[in-house]
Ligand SMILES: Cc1ncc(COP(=O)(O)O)c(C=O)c1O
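Here's a solo chain for you in structure tokens, the form predicted alone.
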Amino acid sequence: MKYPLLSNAFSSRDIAEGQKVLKSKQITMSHKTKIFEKKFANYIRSKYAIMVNSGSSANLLAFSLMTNPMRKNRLKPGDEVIIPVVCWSTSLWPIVQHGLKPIFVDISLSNLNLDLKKLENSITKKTKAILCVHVLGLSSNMIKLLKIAKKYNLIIIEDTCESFGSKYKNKFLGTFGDVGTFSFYYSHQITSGEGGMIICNNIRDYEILLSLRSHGWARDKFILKKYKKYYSKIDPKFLFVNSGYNLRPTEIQAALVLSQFKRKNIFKKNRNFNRNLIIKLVIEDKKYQKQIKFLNVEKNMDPSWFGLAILVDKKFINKKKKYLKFLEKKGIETRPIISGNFINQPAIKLYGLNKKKYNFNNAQMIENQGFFIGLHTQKMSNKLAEYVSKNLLKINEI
């Protein structure tokens, strides 16, 4: 048997929608992208949504926006941005790339997200923003986080790449802050193979993001109206009003994810079913002796699960590497919880981002004891669930 992170991500209908785009020969970003952006914004309860070619690009745009000279309340070189030390590389690097200073904060073991007490203790006069990284469908207490941000007048950016569809107090993650970013990578809640989204509620931020996504170009009519005085000298079809990139998605990506979007609630329900089934079979097994542990869902959290986080018991830490190799041989694909304690990555030393050599005990515990397996968008058979659960319990037999 095999249990990859995700199986059969695309239905025949999804593929057919992608093929329609290919046959139309309209491959570059067009009307399907706009349709998806509108549907996404309406669903997530945000005013604006801008699709991009990846979640990493969405994070890049988030910090390009926050440091952009067109933005009144903008971040400036040297400003501090709080980031959880359990993060993805392209959560971190846009901070560095824009001349800002990342301030790493440890995580809470109960939700794998920012420890809010440690966060508040890390705030200085130079702190200007908080980057949340919502891990595997979970979050910190977002109401408390908002109060902290308001108290210190901090910008909130939400990296929701792993948590599309998750809610805190019935409000979607990604909609608490100034901007929220999402990923449609293959193993995520909905997928276009690659792809991402950034959302906001401010019309000025929306205008800036549209230009940044596409070369700094002013292509949209409502933006072009503001630059009529340049029309006599510059062709309005090629008017550049800002810096920018080319982070546009293809129309094929939009078609694929638009088709998947129709089944988002089914996917969420099935992932939750699969998670509960695996946990139930593990805990009820006669061989279960708390060799591994699972996270409890905190109050007010309605997760849209990306993966099933697992912690091996302390006494098996030395066996973990061998254990993961065993699971892989059994066809059960595993991953670290994001990148573990990111402070251990060699690139941190390269850029001198932990010169004071701070320790982050909770993040290190997650790296030492944690990993995750996938949760599929189709309901698992009992046979497959039993295969996974029985192999998960064999750490003490290795």
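Please read all numbers here as calculations on a predicted model, not as lab measurements. Start at 1 with the first residue shown and count on from there.
A second form of this protein, the form predicted in complex with the ligand, is not displayed here; the remarks below concern that form.
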> For the chain shown here without its partner, which stretch in 48-56, 346-354, 28-36, 64-72 has non-hydrogen atoms within 4.5 angstroms of the ligand in the model of the complex?
Replying inline: 48-56
> Which residue among D115, E251, D205, E162 has a heavy atom within 4.5 angstroms of the ligand in the model of the complex?
Replying inline: E162
>> Please identify the residue among T191, N274, S91, S304 with any heavy atom within 4.5 Å of the ligand in the model of the complex.
In response: S91
> Is there any non-hydrogen atom of V179 lying within 4.5 Å of the ligand in the model of the complex?
Replying inline: no
> Is I107 close enough to touch the ligand in the model of the complex, meaning at least one heavy atom pair within 4.5 Å?
Replying inline: no
> Hey, in the model of the complex, is Y185 touching the ligand, heavy atoms inside 4.5 Å?
Replying inline: yes
>> When the contact criterion is heavy atoms within 4.5 Å, does V133 count as touching the ligand in the model of the complex?
In response: yes
>> At 4.5 Å, heavy atom to heavy atom, what parts of 193-214 sit next to the ligand in the model of the complex? List them in sequence order, or say none.
In response: G195
